[in-house]
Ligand code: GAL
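One chain follows as structure tokens, the form predicted alone.
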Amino acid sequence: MKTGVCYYPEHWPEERWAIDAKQMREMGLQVIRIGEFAWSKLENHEGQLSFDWLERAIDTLHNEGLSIVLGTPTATPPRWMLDKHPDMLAVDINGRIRDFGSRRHYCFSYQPYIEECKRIVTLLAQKFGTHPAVIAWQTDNEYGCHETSISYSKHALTAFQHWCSEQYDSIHQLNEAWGNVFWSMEYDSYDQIGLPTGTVTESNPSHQLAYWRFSSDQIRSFNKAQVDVLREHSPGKDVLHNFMGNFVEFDHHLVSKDLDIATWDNYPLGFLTRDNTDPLDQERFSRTGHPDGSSFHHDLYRGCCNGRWWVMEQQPGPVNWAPYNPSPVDGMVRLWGWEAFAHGAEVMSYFRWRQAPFAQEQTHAGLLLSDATEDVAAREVAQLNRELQTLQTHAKAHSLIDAGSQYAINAADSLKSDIAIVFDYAGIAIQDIQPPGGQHFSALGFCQKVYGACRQWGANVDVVSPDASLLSYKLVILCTSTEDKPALLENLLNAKNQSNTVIAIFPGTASRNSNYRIPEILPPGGLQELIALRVIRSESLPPHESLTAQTDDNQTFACGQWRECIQSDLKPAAVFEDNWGFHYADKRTHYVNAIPENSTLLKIIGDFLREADIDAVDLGPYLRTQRIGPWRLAFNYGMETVDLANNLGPLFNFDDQTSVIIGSRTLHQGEIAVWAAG
């Protein structure tokens, strides 16, 4: 794994650039991202191009042997662009214009702005596309950030009407598919279709889902317009985009089809304080981030571009944008770097090189303080780079890797995972539109809990798209696959018939078709070929209500939030007090028809792992481990010291301290260990 940093030469005096470049090299950094917010410096007025400063910055970095990821500046169109195109601004769900003065102030459906983007990207690619320092291009920046995935502008409406005309053979077919006969919502022509907002009560969920799919397609189209330009004028260079965490407003698998590398921006403490609603998690992990938060996204984005993924922005200290912004425990920046390595990252890049003393992010830490002196993270990154070199030297000395390979580890080949969690962005959108688990239920959050339970048992996990082959997995889990997809069913049948895979299905799976209708044969739709049961009723429960199912031998399973009533000749594993069954199984296919509470979920996942013959050791809430290639790594997120020999069981396979390559067999909070796994 290489390390890098996000650098903004336009923010600092030019005489500082060479000093920064030398210091980056000495710290062990190799990959530098620049340019993604610099449009006003590149073209201060329409047609008045100023590329010389960027060329000098690239050359300065190149002179120190640093590689460049050059960003297209389209996330921050300059003020003159708005004067030229006053209709380019997006509109939010309440009809408010997303105005100039920040970033991401454009609508994906405004074609003149797309042409402006193609123009500036063409000019940049023609100028720098063959520069030896430029190894990759980043398109735009964080699609959808600040709730900008979906625009309700007049241009979006026109584009949506056209999109609908391409999706359906006739307006009659659309009416049938959406069920518009309900409440007399039928249309006579496509130009009558409005936006799914501003209605007296909720708009038709089929309409909402169609608009989500349309908006996702618009983002892919916007991105592909830039990718096509870059392919033409900068052939052979990787093209990537930096996605975000805990973000499902568009289909990242779809956008990734046009990319070489999926990257994402990792802010473990910011995500915890902004997105995690569990008070216990907030208390335990406020200065470390959740033990499964970063790794979930690492594995999600690893599944987007055939195993090639980076962290483009890594939190180096306190951020500025979360409700609370604590400082990480000493050692966590180093730990997060090793964690990315363990999940196959090619590059770990930190945001940012130097803390900005102006504008919106003044309290966001960098590797350097605003006065250019080193902050804590700089020392931890330097240590990480020294240790990565130590690991590579050890690996070559012991013939663990190919000394001539570009990367020491190819993640696609070297991350052996027996478990696949199918992650379906459209499935999450379906649940979010009309939450079947009630207003407090999060489809994304539950998926992360399922992932976390697998990780607490010490297992590697792949997070895969609904189109992925499932043949190589011992256990496949469905917890976001709300849409009844024939292709997914075929993949599951192949895995079950050819590999005897254990399949675990959670509530809501295959409960709607692509137009947001209940399947004619009832949920779980086509998956009834895998297990003979039907969902005949579903209920959501308030947060304070917990239900307990009991087996014949008095084992208990606590559930809450959401459960389904099942009709089947299969005998349930347990029964609730009101005689609703819980957990049905047939020939290594399981249907768990309620949302288990955390301890119950951990137990159920453990049972699945054992049935699938996957090694499982309960690591507790704080310790995590990951196997990659010839190595195993361990990470301690807890305040108590951990002795790996006492906590890893059969996953711990060395006899003495000399077997540890990095770290120690005794881990304090924020510490890691790396050893040859044999």
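Owing to the predicted nature of the structure, the values given are computational and were not obtained by experimental measurement. So that there is no doubt, residue numbering starts at 1 and follows the sequence shown.
Another form, the form predicted in complex with ligand GAL, is not on view; read the next lines as being about it.
Considering ligand GAL in the predicted complex, the lone stretch of 377-385, 191-199, 414-422, 135-143 in range is 135-143 [heavy atom distance within 4.5 Å]. This chain is drawn without ligand GAL; in the predicted complex, the residue among F576, W321, Y168, F100 with a heavy atom within 4.5 Å of it is W321. Proximity to ligand GAL in the predicted complex, defined as a heavy atom within 4.5 Å, singles out one entry of N242, T482, T72, T288, which is N242. Among residues of the shown chain, E361 is one whose heavy atoms approach ligand GAL to within 4.5 Å in the predicted complex. Ligand GAL in the predicted complex comes within 4.5 Å of a heavy atom belonging to F351. Put simply, D265 is close to ligand GAL in the predicted complex: some heavy atom of it is within 4.5 Å. In the predicted complex, ligand GAL stays beyond 4.5 Å of every heavy atom belonging to W53. With contact defined as any non-hydrogen atom lying within 4.5 angstroms of ligand GAL in the predicted complex, F37 is the only contacting residue in 34-63.
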